[in-house]
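Presented below, as structure tokens, is a lone chain in the form predicted on its own.
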């Protein structure tokens, strides 16, 4: 008798970011050059100090590290928090409040597992990062979507958080990125104060995914970084931060992230999960410690590059007939409305049937970033992670593809 897969396996959501990869592979096999705007893999060089650290690693045995991460990396991350004002009026974050994880994804998995039992739920502001749904499903938890809109710049409203928590007692955590993936929306300090107070009132954890906090483009943000929930007094028992080196230092293949919390019971629970998987990667932690020392000029140059790319893409998209998108304040993603009924079908068309002089574009259908049935069907997520000449070419290809799609009827 053939064994049966679990319902968990059968019902697991496919990634809208990666599920069209076979179509891209087929396009390449036909000789088509595919510009990847579907995934947050920047073409910017990995941190110079990080690359140097990989070359300098000289231990003869690559041994396990402590389950919570090496003491030296956790100390470096604590210093980073102090330097970048993550604590604000709060006491500085300490090394024993930082748990090193296998990428930010594991930190997210641990956070949801520590907050929720099977049958509980997390609240998300849709459109949301797809792995929030994937990890909740893996843990037997539900996802409760809260609407945001392009007309409001995908702003997360405190009153909507309160309404959602009041009407859904099964919610155990509100998980939200700032700056946001896929929208680029940034929560202000006042937003964090208001939403954190609501979470505290309802007794739910406030999990803020801050992996893009360096990449903000609003001149009014103090210090040029996104406000952190760790800077809000009174949230010591509810605030949890997810962080990662992958985006900040353009090192997506270095699977090192961290979870930060001042709640000792929450930390202890996550540490037990970490002990079950033994340790985060030793060599990557060594390199991540060096990444924290990336020269300020290098970081500022990268931020300026992303800002310039954003401006090119936003201007270019809004110039295409029928396409619209708000200007994101951070990260390197945006959600665009296309003049199509089914964006996923259009994305497949780009890969399966269309090319402009041997080139095409891969986008991520936005429907997979929603839980509300039917939402986002005419939208795509764009990751502006290529250089400006490539992005300009992508805009030309997209405009031509939309005309070809419309001509099909």
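The shown structure was predicted, so the numbers you read here are calculated from the model rather than taken from an experiment. Residue numbers count along the first chain shown, from 1.
Below: the form predicted in complex with a small molecule, not depicted.
Scanning 261, 285, 181, 228 against the small molecule in the predicted complex with a 4.5 Å heavy atom cut-off leaves one residue, 181.
This chain lacks the partner; the member of 154, 215, 132, 206 within 4.5 angstroms of the small molecule in the predicted complex by a non-hydrogen atom is 132.
Remark: of stretches 313-321, 242-250, 67-75, 163-171, the one touching the small molecule in the predicted complex is 242-250 (heavy atom within 4.5 Å). Proximity of residue 211 to the small molecule in the predicted complex: non-hydrogen atoms within 4.5 Å are present. Remark: residue 189 does not count among the residues lining the small molecule in the predicted complex, judged by a heavy atom distance of 4.5 Å or less.
For residue 110, no non-hydrogen atom is located within 4.5 Å of the small molecule in the predicted complex, even though that partner is not displayed.
The small molecule in the predicted complex is not approached by residue 200, whose heavy atoms all lie more than 4.5 angstroms from it.
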